[in-house]
Every structure is written in C-alpha cells, then in structure tokens.
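Take a look at this one chain, the form predicted on its own, written out in structure tokens.
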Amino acid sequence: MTPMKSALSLPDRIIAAFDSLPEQLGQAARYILDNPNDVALLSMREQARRAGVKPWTMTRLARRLGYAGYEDIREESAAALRRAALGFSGRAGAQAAREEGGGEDGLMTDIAQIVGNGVTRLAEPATMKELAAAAALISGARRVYCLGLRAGYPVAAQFAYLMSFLDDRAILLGRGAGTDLDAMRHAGAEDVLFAISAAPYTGATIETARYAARRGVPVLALTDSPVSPLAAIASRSVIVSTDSPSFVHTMTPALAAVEILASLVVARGGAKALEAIAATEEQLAQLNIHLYAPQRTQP
C-alpha cells in the first residue's frame, strides 16, 4: 500500500507527530529536525549513527510520517536546500575541516564559522517572523518575567538589562537564593514569561514555564528546537542554533536574538522609547555608572 501524500512539509509532519513517536523514532525525528543539512548531504547510515539509532529506524520513521521510504525525506530536504539559500554550505565545510583535523587553528576556525552561521540563520524569514511576533507580544505586556538558568542565565540577564533602558517592565528571575522565582505568583494574563533553555534543558525553567501556562500567563520561548520541552509549553517560540564543535553548546545566537528582540521593541515604542533611553543614559552618566572619555581642555 502506497503511503498517502501529505501537503505538510517535513518539519511540520515531525512536529505534528512528535509527541506520539516511540523513543527511538523520536530521537531520529529530532535529529532530522535539528540537522536539515545533514539529511540532504549525508547517507542514511551516517545520519543514523549521528542520531544514535539503527539505520532501519530512519526507514520506520519515514513510513510513520507518510513517506514511502527514507530516500523521499532526503530528496525533500535536498530540494529545500536548493530552493532557499540557507547558508548551510559554510557549516558543512567547517564540519569537513574539523573531521580532517586542523589543530588549534582549525578548531578556532570551526567554532567561529559554525557559531557565525547560527547567528546568520536569525535572518531566515521564518525566524524573523517569530522575532517580530515575539516583539509584539512583549511590547503589549504589563510585565516581562525573564527566566534563563545555567547557560541561559546570561541571555535572560542581557535582555532584562536592555529592557531596563526603557522602563521597569522586565523582571529578571533566577538570580539566586531560590526565592526570586516567587515573583511569578503575581503574574497574570497581561504579562509574559520569556523563558530561555536549550538541551540539556534545565528542569526548573521547564517547570516554571508549565506553572505560568497553567495560570494563563503567555509563555515566550527562546530554545533550540521546535520539539524542545519548552517549545511544547510556549504560545510562541523563537528557535536558535546551539551547534558548536566546542565541548559545550553555544548560546551566542541566543544572545544575538535577544539583542534583535530588544531593538524591535524599541522600534515599536517610537519616540517615547527613544526619550526613555535618553533619560536613562543621562541618569547613568550623572551617577558615574557610565564613564565617558573626558573632554580635552585647551591649554
């Protein structure tokens, strides 16, 4: 029996089916979703090895998603790469260089190229659409509770800091002592929880997001996959790459994303936002918090 054709794209099929997939199929599905360039460029056996599953798992997944076989998935992925210049060639080249081995210089080049590609992918149309929607959500919120723990903390802190130039809406959670998550008890439907987490996900972030969602608080996620546990809770998600040859994943694209997001919020605020920034800068200068180069006096 020939599988029925579906109008859904491969990523949409995976997202729709993900919660119902058995563990091994889910592991393979996430690999495909997070590594579209590998799907198009590598053999099925190599993809299975990198996903940590058996080759036949890839075939079973293809049929579960409505394809005749895994080759159909590879062909669809290759066609998507041809249709859109997604910038994967630089990343593929960096992977090849790393596999050949280039010493310290090669490692530094690999990290810079792959992390840079992650930042560049923020300019893809789908990501820009989500960033614009996230900015609209934040601009209309009474309070923005910013939560990122462990590797996500600097990202949340950067966003809260940038927002502080505008007003006092941004509340940074997770600063220590285990009590500042209590601020969420005051959150309601007029607020937003902006939660940041990437694999391996921090349990407290996921649990706080679930708590917020149960209370009717909109959850905005900044995460690494549309099938991450945080994305499953959120009403909106911005997906960023965390790929890196380093021993840890990178949060650099996430930092770039929140800087873009803050800029969009300022743009939406117009003249009022610019006035607020100017007033903040003047106060910081008066308090000697921001030091500027002294003016040279005439002899």
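Heads up: residue numbers just count along the shown sequence, starting at 1. Rigid core here is just the name for the largest C-alpha set that superposes within 1.5 Å across the two forms. Bear in mind the structure is a predicted one, so any value in this text is a computation, not a measurement.
FYI, the form predicted in complex with the DNA isn't displayed, but the following is about it.
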item	value
Contact flag, E23 vs the DNA in the predicted complex, heavy atom cut 4.5 Å	yes
is_contact(R64, the DNA) in the predicted complex, heavy atom dist at most 4.5 Å	yes
Contact flag, T59 vs the DNA in the predicted complex, heavy atom cut 4.5 Å	yes
Proximity of G269 to the DNA in the predicted complex, heavy atoms at 4.5 Å	no
Joint contact, R45, P55 and R74 to the DNA in the predicted complex, by non-hydrogen atom at 4.5 Å	yes
One stretch from 269-277, 252-260, 64-72, 231-239 that, in the predicted complex, holds residues within 4.5 Å of the DNA by heavy atom	64-72
Rigid core fit then R169 CA moved by 2 Å or more between this form and the one not shown	no
E190: Cα shift of 2 Å or greater between this form and the one not shown (core-aligned)	no
Core superposition between this form and the one not shown, C-alpha change of E124 at least 2 Å	no
